[in-house]
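Single chain ahead, by itself, as structure tokens, in the form predicted alone.
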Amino acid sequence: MSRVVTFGEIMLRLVPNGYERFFQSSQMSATFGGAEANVAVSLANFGVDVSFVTKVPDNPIGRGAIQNLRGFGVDTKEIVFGGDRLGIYFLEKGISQRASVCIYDRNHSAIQQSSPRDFDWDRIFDGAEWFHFTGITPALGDNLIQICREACHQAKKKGLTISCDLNYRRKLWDTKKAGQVMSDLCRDVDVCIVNEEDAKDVFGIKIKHSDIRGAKIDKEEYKEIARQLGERFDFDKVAVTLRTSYSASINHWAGILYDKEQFYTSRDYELRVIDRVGGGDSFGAGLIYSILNGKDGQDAIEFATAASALKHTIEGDFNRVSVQEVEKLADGNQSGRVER
């Protein structure tokens, strides 16, 4: 069985009940999440042998995060203990015309204080076939840039496929540094996952006629994003997600995959959003699963987009769906009828 390694930060996620505003009541729900951890959980649910690598404090919060991952079948033996705290993010879920709000409290977290000495990538990648990270991780500090660079070089040396979701976060770094760092890291990347905002903010690739805030999408422009990225970095594959936001609650969702020769476009989904955080990560996991299992381009983009569509209906960062559920939706069964 193919083994996948993902690397990044897992955080404590604190969310008011339902769609309440921050401190509208005295209670918040506590779970865990983080881009690469979300991908690992999705892949484990799909039956993939997957390892998540990070650094967490040796206290009940850090150990709780590890136990949570283990409960989904994620291999955690390469997680390093150290540091004083687990990063936290607060999420106020949007609804209708009120947007979601995400506030980070992750400075001085365990992984942010990690060093290259913490991770033996030669050992970590032994027997692995795929390595996945996102642009969030190097945004955490210069030490993480160095760690990601070493991980990518070692993964490339050992013949792993490397995927990266650009995931630009303006609260973590500016566009100039993001462009410089990700241009360097992407030289080792085989599969790039991006949306139109990432392409513009990180690499300066702009679309002319689409208006994401005005809910106008031109798919031909998104194909051009994929083509330009593919040519600039010689990616084997580029996947672009297309989100048309009519409100926080109603989105249209689709994806495009480019493999240097051909474009593949998924069906469109009309989403009634319950929780959109982790939607892109579930797309990435669906794409990785599809490629590892030899799906052709059209089936791969259909599976990835369907997996993400289902995630939007599930509370929390993690996508709690099976291969069978995703394939059923990807095959066109969108009725939502009760299964008896």
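Numbers follow the displayed sequence, beginning with 1. Here the structure is a predicted model, which means the values were calculated and not measured.
Only in words, not in the display: the form predicted together with another copy of the chain, which the text now covers.
Using a 4.5 angstroms threshold between heavy atoms, Ile88 counts as touching another copy of the chain in the predicted complex. Contact check for Ser249: a heavy atom falls within 4.5 Å of another copy of the chain in the predicted complex.
Within this chain, Leu271 lines the site of another copy of the chain in the predicted complex, having a heavy atom no more than 4.5 Å away. Heavy atoms of Pro60 reach within 4.5 Å of another copy of the chain in the predicted complex, making it an interface residue. With the partner omitted here, the stretch from 163 to 171, 228 to 236, 256 to 264, 121 to 129 that lies within 4.5 Å of another copy of the chain by heavy atoms in the predicted complex is 163 to 171.
Annotation for 67 to 89: interface residues with another copy of the chain in the predicted complex are Gln67, Arg70, Gly71, Phe72, Gly73, Arg85, Ile88 [heavy atom within 4.5 Å].
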